[in-house]
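Presented below, as structure tokens, is a lone chain in the form predicted alone.
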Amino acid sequence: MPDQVPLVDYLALSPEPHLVAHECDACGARFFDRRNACASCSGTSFHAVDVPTAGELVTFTIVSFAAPGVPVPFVAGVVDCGGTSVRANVINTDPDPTHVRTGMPVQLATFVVGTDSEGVEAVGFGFEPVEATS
């Protein structure tokens, strides 16, 4: 398997792909970007916490217009992963209201964004619908 690097620093690829948030030690608020202080309580101490890979689509929009070179349409959404709000695209499904709905269960999925001249793959993430079982 070729070497892989995550596209964002809060995506961990091993042992299994998952997201890692910074949790405020004082109030428990979670953030994906680096913080000097908590936006909720002004606390200044954080620790890393793994975010569940399964969640529920809370809200979404179907994007029809984007910057040149960005394929449209696509689904941009907000996923509740066990109380952590994650902004991500909904992938591996048709971008229309027949296939995407609020409240639907989704799971973290990774994909190769590009490969450099050394064969190193950049890996991005999104959330895909969980297949319904009957």
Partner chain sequence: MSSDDVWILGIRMTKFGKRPDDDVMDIASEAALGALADGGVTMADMGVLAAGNLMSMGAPTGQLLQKQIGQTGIPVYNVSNACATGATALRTVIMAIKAGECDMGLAVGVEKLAGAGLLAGGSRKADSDTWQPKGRYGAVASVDGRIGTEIMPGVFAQIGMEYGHRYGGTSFELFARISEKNHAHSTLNPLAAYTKRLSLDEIMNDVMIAYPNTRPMCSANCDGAAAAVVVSDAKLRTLDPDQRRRAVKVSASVLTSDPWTESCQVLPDVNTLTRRAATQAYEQAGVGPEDLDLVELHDCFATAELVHYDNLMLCPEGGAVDFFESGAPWRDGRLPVNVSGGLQSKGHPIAATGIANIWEVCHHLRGEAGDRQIEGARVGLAHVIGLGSACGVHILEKAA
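Note that the structure is a prediction, hence the values are computed from the model and not measured. Residue numbers count along the first chain shown, from 1.
This protein has a second form, the form predicted together with the partner chain, left out of what is shown; the following refers to that one.
Q: Are A29, S85 and G114 jointly within 4.5 Å of the partner chain in the predicted complex, each by at least one heavy atom?
A: Yes, because A29, S85 and G114 each have a heavy atom that approaches the partner chain to within 4.5 Å in the predicted complex.
Q: Using a 4.5 Å heavy atom cut-off, state whether G55 contacts the partner chain in the predicted complex.
A: So G55 does not count as contacting the partner chain.
Q: Report yes if any heavy atom of H99 sits within 4.5 Å of a heavy atom of the partner chain in the predicted complex; otherwise report no.
A: The answer is no: H99 has no heavy atom within 4.5 Å of the partner chain.
Q: Answer yes if any heavy atom of V78 is within 4.5 Å of a heavy atom of the partner chain in the predicted complex; otherwise answer no.
A: Contact with the partner chain, yes.
Q: Might L7 be said to contact the partner chain in the predicted complex, defining contact as any heavy atom within 4.5 Å?
A: Taking the distances in the predicted complex, the answer for L7 is yes, it comes within 4.5 Å of the partner chain.
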